[in-house]
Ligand SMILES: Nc1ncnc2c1ncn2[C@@H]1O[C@H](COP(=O)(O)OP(=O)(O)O)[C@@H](O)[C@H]1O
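The data below hold one chain only, encoded as structure tokens and taken in the form predicted alone.
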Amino acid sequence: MVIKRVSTGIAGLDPLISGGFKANSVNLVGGGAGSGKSIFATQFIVEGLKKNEPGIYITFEEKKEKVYEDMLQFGWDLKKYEDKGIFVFLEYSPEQVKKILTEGGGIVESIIEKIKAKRLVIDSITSFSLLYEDELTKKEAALALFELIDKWNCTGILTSEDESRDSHTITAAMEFEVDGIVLIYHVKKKGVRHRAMEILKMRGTKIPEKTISMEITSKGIKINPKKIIEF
């Protein structure tokens, strides 16, 4: 059986993961503050919008006007896609997402059906997970969210605020059985900060066991698979 792939939009990444994320998969992008998680997520959405694949971006932490303004530096005019009716940006509270789970989809499902969304971003899952006190409830909520994304026939990216691969959130994410985990780093080494990307997990996909050089250019994130970063 041929596995359908969805292009990530990240220059240099698709060839390393058999052509992109698995269609309808849930993928976690983890990294510290300023590492480029939101850029990665937006680049993924824009890649779809360029191909007329509708997308929805749900954020708990950013204001719409600021995101739209910030992303213009990469040439991504999100308002243009919004005006075309193929992109929706939602400023939500974690509580509202919790309500979506209770309602089995609610308003978000209505929007997804209306625009026929194929790509979904939730930025960030860290805020959402803090609503649940114990690990079992947290896991059940995450699985319910993944089931919704699967029902919506969307390929999803969840961002996570993580400082290292050993962080609690990454461990939890592994337990939640996300399909893919991509870590991005912005690490200081001998007084100089280096950016890097690591594909920690990608279900049904052969992945490189390396930490690869990454840069943020005027066109977004770009990786150099031939350059290995050692921490």
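Computed from a predicted model, the values in this text were never measured in an experiment. Each residue number is its position in the shown sequence, starting from 1.
Keep in mind that the form predicted together with this ligand is not shown, yet the notes after this line are about it.
This ligand in the model of the complex is approached by residue 38, whose closest heavy atom lies within 4.5 angstroms of it.
Contact annotation for residue 212: none of its heavy atoms lies within 4.5 Å of this ligand in the model of the complex. Within 4.5 Å of any heavy atom of this ligand in the model of the complex lies no heavy atom of residue 16. Of the heavy atoms in residue 216, some are within 4.5 Å of this ligand in the model of the complex. The stretch that touches this ligand in the model of the complex, counting heavy atoms within 4.5 Å, is 68-76, out of 68-76, 126-134, 147-155, 109-117.
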